[in-house]
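As a starting point, one isolated chain is supplied in structure tokens, in the form predicted on its own.
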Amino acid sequence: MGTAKEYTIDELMVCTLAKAFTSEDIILNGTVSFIPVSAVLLARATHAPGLTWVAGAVGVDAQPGAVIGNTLDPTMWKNCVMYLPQYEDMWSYVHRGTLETFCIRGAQIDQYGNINNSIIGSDYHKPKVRLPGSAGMGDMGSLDKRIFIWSTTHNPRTFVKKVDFRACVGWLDGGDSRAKLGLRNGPQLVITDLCVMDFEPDSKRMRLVSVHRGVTAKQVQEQTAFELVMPASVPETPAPDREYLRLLRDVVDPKAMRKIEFRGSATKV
């Protein structure tokens, strides 16, 4: 297949996330989720044809063609095998564990994968900034889901030592604190515009896995407000396969809707 020489950060993030999904996954998405939705469609078109996607938490095994509009838009439900009414049926599948995989981003993400999308500031009733809120994040974090985290803003404001409010619980205080509450699964992987990270198995602290081309481990640490678990050697994030990149550009997301998640145009790496 061969790897690409020229690609952008958004393309690298989508292709890397797609590789993390398998045919056994059952995935649903939330709003403004262009990167994970593109990754789902790309995974289905390549190595994970059996992956089940519940588009916008409504359209089961939808086949919308290219990514268009908002990721919760009904146009994304096209050609699905059935509709899953959110309030009547969808949440029952979430609670019983059938819908097991979810992708989340947030205004703040801490060293244990706890995520905040509710308020900035120490006083919940008088915050410095009031954010959109948790929506379904709180449920997904506490109902045994496999959580994949993505962020297009890897900096100390996003990656904080402790979130101001736990809108979605990750590994809580680390170690076995999540397991003590009887919660299974949890955050699996973190993909940002600088690197890929996971969680050290015992401490559950965020651990650097790879750095994107042109980025150093030192630069990642400088842009992170907590100390990362740092392996002795950190490899470069593998470049996208040429066929994955062709499908992403020409079939999955030809209008490059994924770039909406970046403040400016994504740059080449």
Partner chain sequence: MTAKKEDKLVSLQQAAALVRDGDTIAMQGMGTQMSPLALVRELIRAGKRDLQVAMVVGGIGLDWMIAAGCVRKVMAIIINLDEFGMANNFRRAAEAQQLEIEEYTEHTILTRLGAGAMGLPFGVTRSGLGSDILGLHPDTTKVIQCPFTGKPVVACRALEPDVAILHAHRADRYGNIQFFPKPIWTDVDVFPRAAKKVIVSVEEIVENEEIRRTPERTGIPYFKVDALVHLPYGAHPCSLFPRYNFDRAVFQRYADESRTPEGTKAFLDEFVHGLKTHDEYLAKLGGPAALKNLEKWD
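Numbering follows the first chain given and starts at 1. If you're wondering where the values come from, they're calculated on a predicted model, not measured in any experiment.
From this point on, the text means the form predicted together with the partner chain, which you will not see here.
Enquirer: Whether Leu51 contacts the partner chain in the model of the complex should be assessed with a 4.5 Å heavy atom distance threshold; does it?
Expert: Leu51: yes, in contact with the partner chain in the model of the complex.
Enquirer: Would Gln188 show up as a contact with the partner chain in the model of the complex if we use heavy atoms at 4.5 Å?
Expert: No - in the model of the complex, heavy atoms of Gln188 and the partner chain never come within 4.5 Å of each other.
Enquirer: Is Asp61 near the partner chain? Define near as a heavy atom within 4.5 Å, in the model of the complex.
Expert: So Asp61 counts as contacting the partner chain.
Enquirer: Indicate whether the partner chain has at least one heavy atom within 4.5 Å of a heavy atom of Val196 in the model of the complex.
Expert: Residue-level check for Val196: no, no contact with the partner chain.
Enquirer: Between Cys103, Ala107, Val160, Leu84, only one gets a heavy atom within 4.5 angstroms of the partner chain in the model of the complex; which residue is that?
Expert: The option sitting close enough to the partner is Leu84.
Enquirer: Okay, which stretch from 208-216, 236-244, 223-231, 65-73 lines the partner chain in the model of the complex, with non-hydrogen atoms inside 4.5 Å?
Expert: Answer to the contact question: 65-73.
Enquirer: May I ask you to list the residues of 129-155 that have any heavy atom within 4.5 angstroms of the partner chain in the model of the complex, in sequence order?
Expert: Counting only heavy atoms within 4.5 Å of the partner chain in the model of the complex, the contacting residues of 129-155 are Val129, Arg130, Leu131, Pro132, Gly133, Ser134, Ala135, Gly136, Gly138, Asp139, Ser142, Leu143, Asp144.
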